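Let's start with one chain on its own, the form predicted on its own, as structure tokens.
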Amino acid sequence: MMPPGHIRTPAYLRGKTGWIERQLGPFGNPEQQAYGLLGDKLTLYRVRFTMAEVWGDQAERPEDTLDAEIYEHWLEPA
């Protein structure tokens, strides 16, 4: 669940299903930049999740949404 390195995807979103709200463009990989490297250009997406998906039965307002910016290499097709 917590791989080594400078991981930029929130742990509470791992394994959850969302949808791409928009593509934000290519940016330097922060996992490499954290170690002083230049950072390969990777596509960054804004991904939207419902509170029901993120928090399950504990969600106070299941229909509300949460957006997170996640790099392409951390996404999997649903």
Partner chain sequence: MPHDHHDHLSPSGHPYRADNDEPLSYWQTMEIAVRELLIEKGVSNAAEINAQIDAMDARSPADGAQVVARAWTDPAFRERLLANGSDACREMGFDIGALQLIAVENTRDVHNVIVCTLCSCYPRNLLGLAPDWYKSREYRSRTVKEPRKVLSEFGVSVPDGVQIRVHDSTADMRYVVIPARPEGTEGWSAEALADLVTRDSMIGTGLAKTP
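The structure presented is a predicted model; accordingly, all values stated were derived computationally and were not measured. Residue numbers count along the first chain shown, from 1.
Unshown form predicted together with its partner chain; subsequent notes refer to it.
Engineer: Just checking whether residue 74 would be counted as a contact of its partner chain in the model of the complex - the rule being heavy atoms within 4.5 angstroms.
Structural biologist: Answer no; every heavy atom of residue 74 is more than 4.5 Å from its partner chain in the model of the complex.
Engineer: Given that the partner is absent here, does residue 52 sit within 4.5 Å of its partner chain in the model of the complex, heavy atoms only?
Structural biologist: Because no heavy atom of residue 52 falls inside 4.5 Å of its partner chain in the model of the complex, the answer is no.
Engineer: For residue 58, is any heavy atom within 4.5 Å of its partner chain in the model of the complex, or not?
Structural biologist: Flag for residue 58 set to yes.
Engineer: Taking its partner chain as it sits in the model of the complex, is residue 15 in contact with it (heavy atom to heavy atom, 4.5 Å or less)?
Structural biologist: Outside the cut-off, so no.
Engineer: Sequence order please: the residues of 10-42 with a heavy atom within 4.5 Å of its partner chain in the model of the complex.
Structural biologist: Sequence-ordered list: 10, 12, 22, 24, 27.
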